[in-house]
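Listed next as structure tokens is one chain, alone, in the form predicted on its own.
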């Protein structure tokens, strides 16, 4: 039972008290202003315990729109946390492999490689040397200029990019990176990353795409159907 699986997640138990359908969470939600996203409906859906509807959520785009700002918790009169419910739904969607059925869900592969890769390889969520203007044209000419003059820019702003000792963006010792890897292993993050990779490779194979082609497609394609 999907609802029972969700109840095993402490975030779900903390986030779902008793929704009264007031809609306050939707009114305050920044994501609802732009996306076809209504946290009230999500909370009401999981509260109904309707297995078919919960499965639709797990396979949908909807659960990937939340920005995790948690404004919903601060306003809900019953102290529900739709943002926490979303975390539990995302977790179960990845665990069951349902994330692969939605465009936004498939983008977890890119986060897997970019965000987690940066953390494990360099110790930072965002690392300047892996941020390329060609991948992020929205950064504009300034982003291109920074990339072309990376060393000079960081020297001018006083960062210690890849340097020894203290300072912003300093080189993280290998012993610390090894500890980060152990944390990922113990908490199940490594296993989850491997699952996302495996399921994504299977989807790429079904589509007749190489790993690189599939990752590029997932990274660049963003349909307009998500927005209001």
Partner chain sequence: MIVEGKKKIWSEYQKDIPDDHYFYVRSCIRQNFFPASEKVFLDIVRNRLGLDFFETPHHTTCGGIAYHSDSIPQETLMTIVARQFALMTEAGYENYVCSCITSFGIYNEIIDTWHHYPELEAKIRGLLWEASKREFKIPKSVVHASDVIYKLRNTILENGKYRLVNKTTGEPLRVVEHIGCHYSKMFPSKGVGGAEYPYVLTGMAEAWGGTVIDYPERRHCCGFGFRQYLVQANRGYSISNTHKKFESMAPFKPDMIITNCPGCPYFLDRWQYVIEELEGKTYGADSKGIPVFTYEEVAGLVLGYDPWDLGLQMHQTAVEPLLDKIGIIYNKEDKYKI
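Residue numbers count along the first chain shown, from 1. Because the structure is predicted, anything quoted here is derived from the model rather than measured.
This next part talks about the form predicted in complex with the partner chain, which is not shown.
Chemist: Within 4.5 Å of the partner chain in the predicted complex: all of 23, 93 and 206, by heavy atom?
Modeler: Checking in the predicted complex: none of 23, 93 and 206 is within 4.5 Å of the partner chain.
Chemist: In the predicted complex, is there a heavy atom of the partner chain that lies within 4.5 Å of any heavy atom of residue 101, even though the partner is absent here?
Modeler: Residue-level check for residue 101: no, no contact with the partner chain.
Chemist: Applying a 4.5 Å heavy atom distance criterion, does residue 60 contact the partner chain in the predicted complex?
Modeler: Looking in the predicted complex, residue contacts with the partner chain do not include residue 60, since no heavy atom lies within 4.5 Å.
Chemist: Even though the partner isn't displayed, in the predicted complex is residue 187 close enough to the partner chain, meaning a heavy atom within 4.5 Å?
Modeler: Output for residue 187 is yes: heavy atoms within 4.5 Å of the partner chain.
Chemist: Counting only non-hydrogen atoms and a 4.5 angstroms cut-off, does residue 228 reach the partner chain in the predicted complex?
Modeler: No, residue 228 is distant from the partner.
Chemist: Within 4.5 Å of the partner chain in the predicted complex, which residues of 144-175 have a heavy atom? Give them in sequence order, or say none.
Modeler: Contacts from 144-175: 145, 146, 149, 152, 153, 154, 156, 157, 158, 159, 165, 166, 167, 168, 169, 170, 172, 173.
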